[in-house]
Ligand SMILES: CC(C)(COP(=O)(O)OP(=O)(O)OC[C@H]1O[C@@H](n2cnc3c(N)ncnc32)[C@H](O)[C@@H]1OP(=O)(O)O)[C@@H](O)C(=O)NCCC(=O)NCCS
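Coming up is one lone chain in structure tokens, specifically the form predicted on its own.
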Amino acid sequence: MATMTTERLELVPLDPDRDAESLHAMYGDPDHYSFGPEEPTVDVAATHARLTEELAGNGGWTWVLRLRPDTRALGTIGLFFDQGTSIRGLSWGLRRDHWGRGLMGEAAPVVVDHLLAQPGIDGVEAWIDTRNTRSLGVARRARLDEKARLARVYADHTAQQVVMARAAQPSDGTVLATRPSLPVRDVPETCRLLIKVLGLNLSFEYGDPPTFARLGVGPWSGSPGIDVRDADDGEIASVTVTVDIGIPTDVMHDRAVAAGLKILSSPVDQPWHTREFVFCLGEGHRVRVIGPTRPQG
């Protein structure tokens, strides 16, 4: 593990024996966990134990930030536990008394560049709550880009995380998006229902009246989504479309009920930590909606 420097900082490999006392100001601070699953540590010994566990799980890939000439640890940046893939999770945190000074934004680019030069690491990604604008700014400073979004369940509410990532060797992907194609008898009406229930966006439509339409999950060009096309009076074979959502599943279920759609399966929690339901379109197409589980608070 290398020691690295920036204009103001020294980035030193984490040593729990040396750094636990200083870092307890961060690990014991409830504000540090506003967008995270863990609870504050109760004392320096608990902080030491958590730091030791972190190092054992990630292979030692954690640095502490020092503001020269001070040798106290002000925060950490490093990898998550090794899950056996070449894409590694990245996290960072800073003591609250040093927020707003651009320190982590100065450290992150150096650490990310170093990690992506290591054999066996093909990319790094950070999962960041959409409301955590400071952390999103750090990710952008390190040239991480938004790649996906994930639902996140807190004790009392549901939110979303942005997957910010960067590859060691950036390249253009072969597949840009996948779009199921639904043959229907009434393209405008099917689009109306899917927009109302799922919150999709009309990307474009063809014909007057429309015989083809493309619905996107977002308003941007190239957004993945669903194609809806006229069935040409032929026999329609029903298909199943799976939709991942970032809002409470029951909210989407209530929309489907209000739209008069047939519910084939009411919301139910699955063993793999999702909550799902299924509704049916007029032609027999099944839409399986997969969302976050309910907050437990």
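One rule holds for the numbers: they count along the sequence shown, beginning at 1. This one's a predicted model, so the numbers in the text were calculated from it and none came from an experiment.
FYI, the form predicted together with this ligand isn't displayed, but the following is about it.
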_Among the candidate stretches 165-173, 212-220, 131-139, 186-194, which one is within 4.5 Å of this ligand in the model of the complex when only heavy atoms are counted?_
131-139
*Find out whether any non-hydrogen atom of Met104 is located within 4.5 angstroms of this ligand in the model of the complex, and reply yes or no.*
yes
*Can you check whether Gly100 is within 4.5 Å of this ligand in the model of the complex, heavy atom basis?*
yes
*Can His32 be called a contact residue for this ligand in the model of the complex at 4.5 Å between heavy atoms?*
yes
*Just to confirm, Leu94 within 4.5 Å of this ligand in the model of the complex by heavy atoms?*
yes
